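Just one chain follows, in the form predicted on its own, and it is written as structure tokens.
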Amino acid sequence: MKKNLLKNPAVQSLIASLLCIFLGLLIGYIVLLFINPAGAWDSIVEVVKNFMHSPRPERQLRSLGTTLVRTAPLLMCALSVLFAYKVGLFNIGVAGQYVAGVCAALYAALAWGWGWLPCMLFALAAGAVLGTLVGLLKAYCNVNEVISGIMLNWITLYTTNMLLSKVKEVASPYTLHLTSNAPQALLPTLGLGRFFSDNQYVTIAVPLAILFAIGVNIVLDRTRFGYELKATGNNRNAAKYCGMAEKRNIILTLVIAGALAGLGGSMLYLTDLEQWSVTATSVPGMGFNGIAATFLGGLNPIGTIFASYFIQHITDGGTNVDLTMYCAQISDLISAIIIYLCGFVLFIKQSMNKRIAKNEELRLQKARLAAEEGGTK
């Protein structure tokens, strides 16, 4: 029973993810000990506690709501990476596709006065366009999607800064607030904020992202379309021989991946929780954190939901670290260590499989020897 349980891919993913989390927190704690041992334990506890840091229940609920708001776009970026990876593609351009969604949603809302639904659809289309460019280059020119994706990240960032500079505040580099300038573009709450001490930023984006995760899981594992996509990723030549349109599948995969990331950008900025800075010199970490959430979730859409929340949980919890003992970047360092270790989930699963196979081989050898000795007697 124990052997069968450990061979279960879901159990392996869970064990590997928990091990990475534990090691990440341990290494983060050791780093804090080297910097200032006096506050190391309290600081690592604050990272883990996050919204429980506040002594008042209503403030805890508001903080939890804010973490969930930021989890929704992170989950969409993770799904974007996962969808492409299942088809044998590494969508590192997810960060640029996310930025394209932010740009489309904010510009449509502030410059054209669109409502929230058209803004979201426009953001989805913007991300899909970037995915299409990467897909066309991959399918017809055999350009590695990592190279083209990274280049488009920076092109999209500076294009976004240029466009959104037309809808920014006069005295600051940040875009105008939707609440006062485009309230029609704010995502509806449907009463969700009521459960988080009237946190107005908790919108339909949270359940919508979860529904997309379930949808991606169904598409990939329960449909002919998903089977063809994964078959193309496993072996393009074999898929072509079987009559599958491998080029179309590659392009379509990256279109869908880009659309998911672009939609994620609108899920955060159409809540008015954050404003875009037109002086940004690097792409947001949301897209790259999505890569970590994908692997921490064991390359499973449902597991990615929990992994995305955990990564956002420790990211927000890091802001509670005592800045009188540590610099402001220490929270980012702890989060980065854990996120970095998330990349070893697959390695840990492979090691577990090798260990299980070796133990089974030893058992078979012992059983064979015992049978031979019994036959001799």
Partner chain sequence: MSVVLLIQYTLIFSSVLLLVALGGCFSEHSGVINLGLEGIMVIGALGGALVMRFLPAGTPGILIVLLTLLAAILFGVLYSCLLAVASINFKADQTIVGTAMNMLGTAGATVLVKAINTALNPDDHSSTIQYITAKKAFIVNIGAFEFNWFMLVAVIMLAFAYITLYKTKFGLRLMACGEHPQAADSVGINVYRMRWSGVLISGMLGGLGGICYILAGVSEWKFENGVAGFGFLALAVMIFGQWKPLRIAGAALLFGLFRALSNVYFGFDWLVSLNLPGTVYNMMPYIISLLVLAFTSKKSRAPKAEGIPYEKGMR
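Not measured: the values here are computed from a predicted model. Basically, rigid core = biggest C-alpha set you can superpose within 1.5 Å across the two forms. Residue numbers count along the first chain shown, from 1.
In what follows, reference is made to the form predicted in complex with the partner chain, a form of this protein that is not presented.
Note on the partner interface in the predicted complex: the residue among N289, T253, T203, T232 having a heavy atom within 4.5 angstroms of the partner chain is N289.
Think of it this way: in the predicted complex, the partner chain has a heavy atom of just one of L124, V216, A108, L152 within 4.5 Å, and the residue is L152.
For the three residues Y140, T159 and I339, a heavy atom within 4.5 Å of the partner chain turns up in the predicted complex in every case. The partner chain in the predicted complex is approached by I330, whose closest heavy atom lies within 4.5 angstroms of it. A residue is said to contact a partner when one of its heavy atoms sits within 4.5 Å of a partner heavy atom; S148 meets this definition for the partner chain in the predicted complex.
Remark: L323 counts among the residues lining the partner chain in the predicted complex, judged by a heavy atom distance of 4.5 Å or less.
At the 4.5 Å threshold, heavy atoms of W41 stay clear of the partner chain in the predicted complex, well away from it. Only one listed stretch (190-198, 281-289, 300-308, 70-78) carries heavy atoms within 4.5 Å of the partner chain in the predicted complex, and that stretch is 281-289.
When two forms of a protein are overlaid on their rigid core, residues whose CA moves 2 Å or more are considered shifted, and Y309 is not one of them between this form and the one not shown. Between I339 and F90, the Cα spacing is smaller in the predicted complex than in the shown form, differing by no less than 3 Å. Distance between the C-alpha atoms of L273 and I339: longer in the predicted complex than here (change of 3 Å or more).
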